[in-house]
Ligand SMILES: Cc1ncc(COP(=O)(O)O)c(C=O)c1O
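Take a look at this single chain, the form predicted on its own, given in C-alpha cells.
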C-alpha cells in the first residue's frame, strides 16, 4: 500500500520536497500512524502547525459542526463564526494590536505586512535579516535572508536590505528616511532556532520610532503559544506595529492573519486589501476552537513546564553542544550533522526536523507534549551510535 502511494505522489506531483519514506494516514494528539499501521511520535508537528495535537476532539467537533452548516461564503457578507473567531483572536492579541485581517498562509500574511508598511509610510525600503525565512512567493523570497532560497528566482522585488541578526548597529546604519519597516522573525526557526538578546528587540523598537518606520514581527512559527505565550510580542516590553500569523493558528486548517495597530489600521480603506478564502467559516471555526483548546487545557503552562524539562535533560546528552529557541520551538545543536540524528530517530519511530544550520535539529511538537513522551525521545536519543 505504501509503495503505491509513494509512486502515485511521485508521478503526479512536482518533486519539490525530499519526503520521509513514510505515508501518514492518521493522527491523534502527539502520535501519527502510517499506512502500514506503524505509530510515530511526532515532534515536528507538521512543521509547527499542529498546535492542539492531531485531531483534537474539540477542534474536530467544531469543524464538523461548521461543515454541516456552511462550508464557505466570501467576505462580502457578515458571518457568525468569522465574527467570533476575530473577536477571540483580538482578545488574546497584545495590547495595541486589536485589528485583524485574515488570509490563507504565512507567505500571504507577510506579503500583506510588507504592502501595509509601504502604504502607511509612503516609503519603499524594508530592512530584513540574514538567516530569515518569510515565505516562497517572489515577494517574500525577496525578504528572505537565506541566500539559497532568495537567489533561486530572479528578478526579485527590490527595496530589501539585510543586516546580521542581533546586530543593532548594523540595522541603524541601514536606517534612512526611506525605511518603511524593519521585519524579523523574533526567533529564526530555519536558521537553527536562534533568538537575540532583549536589548536587540528593544533597540529595534526605538530605531523604528526614531525614524518613523514600522516594526513587523513574523510570528508565523512563534505565534499561537509555541514559546509559552500566545505571542513572542510583547516579550521584553516590545510591541511591533504588525504581527503576521499562520501555521498553528487553526490547528492544521489553512489560515493566516495579520494583527495591526490602530495607527496602521487608520490608513486602510475599502479595497486596499482583499482575499477570497481568508476567514472562510470552516477556517474560522478551527481558529476559534484552537484558541479555546489552548486556554481550556492550559497548554501555555504546559509548554513552559515541559520545554524547561526538555532543555535541561538534553544537555545531559554527550552529543548535545547547546539548545536554542524558546518553548516548543527548540533547536538542538549537536557535535555532528543533525541529519544523522534525524534519520536515526525516524528509524525508531520519532519524527523530527533539521534546519538550514547543518548541526542543528529542530523540534516543533504539538503544545500537548508531555514528560512521558519527552522521556521516550530522550531515551532513544541517548542510545544513538554513529
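What you are looking at is a predicted structure, and each value in this text was computed from that prediction instead of being measured. Numbering follows the first chain given and starts at 1.
The next section is about a form of this same protein that is not shown, the form predicted together with this ligand.
Screening 201 to 209, 232 to 240, 214 to 222, 305 to 313 for residues having heavy atoms within 4.5 Å of this ligand in the predicted complex returns a single hit, 214 to 222. Among the residues 81, 142, 179, 105, the one placing a heavy atom within 4.5 Å of this ligand in the predicted complex is 105. Checking 251, 284, 110, 128 for any heavy atom within 4.5 Å of this ligand in the predicted complex turns up a single hit: 110. Residue 162 falls outside the set of residues with a heavy atom inside 4.5 Å of this ligand in the predicted complex. Proximity of residue 133 to this ligand in the predicted complex: non-hydrogen atoms within 4.5 Å are present. Scanning 50 to 85 for heavy atoms within 4.5 Å of this ligand in the predicted complex gives no residues at all.
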